[in-house]
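One chain follows as structure tokens, the form predicted alone.
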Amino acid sequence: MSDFTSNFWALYVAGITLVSILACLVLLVVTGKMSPSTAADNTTGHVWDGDLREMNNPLPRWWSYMFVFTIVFSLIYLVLYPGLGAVQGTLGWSSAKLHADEVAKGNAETAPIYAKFTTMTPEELSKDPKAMAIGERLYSNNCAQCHASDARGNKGFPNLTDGDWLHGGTPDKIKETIVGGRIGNMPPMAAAVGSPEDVKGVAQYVLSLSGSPHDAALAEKGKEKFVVCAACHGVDGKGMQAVGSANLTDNIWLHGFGEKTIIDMINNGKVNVMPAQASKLTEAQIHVVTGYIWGMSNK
């Protein structure tokens, strides 16, 4: 319930839970005291298949007691464990704490395995078969969802096997990215560039930088307007790793190729997020997966 900005929903959930349990108890007591009208032979008057008659016998006591026991058990459970909105329970148990304890236990058990690797450089790890096998599993569990199982990336997610790095491909930069994550922000630039025709000219000029098919006349007009892009991508369009801006001259298109895609990027901008992994992986695990990723692009 911590995702909400007030305690209304916590109280709402707690109230619904308690009302439901008490309603079951009231229903059990009321129905137990009800005496529906029956015939002289203690039947309800319902007949099936000509001679099957429904009797009106009360529930066995043990069955009624079982319902009462279930209700009492649920109340005791809600006192001991979380179940009433934001109430944590007197035992202090939580699934998040259980998960954290299990992760800590697993990390402690695997620490001896990683001890050998912490003294090795990422370059050395990339040549160690055992380290690479562990790195591959870490990558598959934590990175492949975005960068693909072969690390060649997807649209909007960088290829980790080539030499094109937005923030740098040294082991230190790779580890920095894994630990702290990255936020890539290309702001909308249409207003700064000018008219829609100017935007189209800049798109054609960007295409020309990588030797892609383009309109030379429009590209020449767009070159002058490219100055507003040069602040991040550089005068030559080769990008700057200090700010994580893309190289526009290498014909590698992270978000798609073509005039329309480039125009959309200029008009609307783009925000990309690489989540930080420091809270998910241990320092030793990050060290190993750094070696694995560095090795993928430096075979």
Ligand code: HEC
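This one's a predicted model, so the numbers in the text were calculated from it and none came from an experiment. One-based numbering along the sequence shown.
From this point on, the text means the form predicted together with the named molecule, which you will not see here.
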Contact test in the predicted complex: Gly184 vs the named molecule, heavy atoms, 4.5 Å: yes
Is Gly15 close enough to touch the named molecule in the predicted complex, meaning at least one heavy atom pair within 4.5 Å? no
Can you work out whether Leu80 and the named molecule are in contact in the predicted complex, taking contact to mean some heavy atom pair no more than 4.5 Å apart? no
Do Pro122 and the named molecule share at least one heavy atom pair within 4.5 Å in the predicted complex? no
Would you point out which of 169-177, 72-80, 109-117, 122-130 contains residues with a non-hydrogen atom within 4.5 Å of the named molecule in the predicted complex? 169-177
Can you tell me which bits of 233-271 touch the named molecule in the predicted complex, meaning any heavy atom within 4.5 Å? His233, Val243, Gly244, Ser245, Ala246, Leu248, Ile252, Trp253, Leu254, His255, Gly256, Ile262, Met265, Ile266, Lys270
